[in-house]
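Shown below, as structure tokens, is a lone chain in the form predicted on its own; questions about how it binds or moves come after it.
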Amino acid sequence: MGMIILREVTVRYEDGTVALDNVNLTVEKSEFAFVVGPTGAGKSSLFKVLIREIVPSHGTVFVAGYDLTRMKPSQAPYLRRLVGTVFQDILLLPERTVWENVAFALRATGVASSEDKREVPRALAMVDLLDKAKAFPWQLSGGEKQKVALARALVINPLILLADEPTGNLDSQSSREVMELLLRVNRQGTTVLMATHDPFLVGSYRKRVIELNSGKIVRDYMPGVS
């Protein structure tokens, strides 16, 4: 069974807009895949379905063996422990230190504060920011802020990492650094889906590409494989 499975998934908003249209998709454990397509293609809606922010109008969604379409709201905390998220809009807590921002993710998923001394340094070390633990967001560069956001997603040891345009506001050097971190996480066994508009990134790495347009998967391929 795949780590992510969508079967005939349709998302229709109240205004009649169809964000996803009969989508079928399987992503295997430890796979890395880019999700591409123009603005409004359905990329963000797909990610929202995978964290159960949106419940499909039709179809079935399995994430790490859980049927999200049948999941009760009270079970949502279990999902947050399985799926880490990183977005283009970083949204760090400005009045809290890097350490506190990362630890906040543990509180949000119900992890006891006694775990902070073990899990927060581990996550910060993964993104090479252990020396910035006492810094505040305003003292960081854009690339460093995105790394903190990545550490916040990784501190829960997720099975799946969803990265929605994580390099969208970064310069080329910072983008490469964030990309290398995502690849490192993937090599350690985490399933990674990364939405991006950056054709250079997609062309630089031989990874699966899932292309969306008007809510449909119009192409699903591995570069170099006919």
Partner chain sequence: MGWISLFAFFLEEAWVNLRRHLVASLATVSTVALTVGLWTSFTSASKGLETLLAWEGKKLTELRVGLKLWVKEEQAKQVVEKVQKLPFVEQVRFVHKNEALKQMERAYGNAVPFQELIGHNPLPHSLEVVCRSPEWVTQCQKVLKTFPEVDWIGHHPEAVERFLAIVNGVKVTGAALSLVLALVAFALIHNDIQITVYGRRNEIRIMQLVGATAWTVRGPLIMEGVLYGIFGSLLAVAILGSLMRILSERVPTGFAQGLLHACQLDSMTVMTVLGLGLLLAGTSALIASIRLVRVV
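Residue numbers count along the first chain shown, from 1. Keep in mind that this is a model prediction, so the values were computed, not measured.
Quick note: we don't show the form predicted in complex with its partner chain, though the next part is all about it.
Checking 46-54, 194-202, 169-177, 29-37 against its partner chain in the predicted bound form, the stretch whose residues place heavy atoms within 4.5 Å of it is 46-54. Using a 4.5 Å cut-off to its partner chain in the predicted bound form, each of Pro77, Ala105 and Ile156 places a heavy atom inside that distance. The closest heavy atom approach of Asp128 to its partner chain in the predicted bound form falls outside 4.5 Å. Arg81 belongs to the set of residues with a heavy atom inside 4.5 Å of its partner chain in the predicted bound form. In the predicted bound form, its partner chain sits beyond 4.5 Å of every heavy atom of Arg118. At a distance threshold of 4.5 angstroms between non-hydrogen atoms, Gln88 is out of contact with its partner chain in the predicted bound form.
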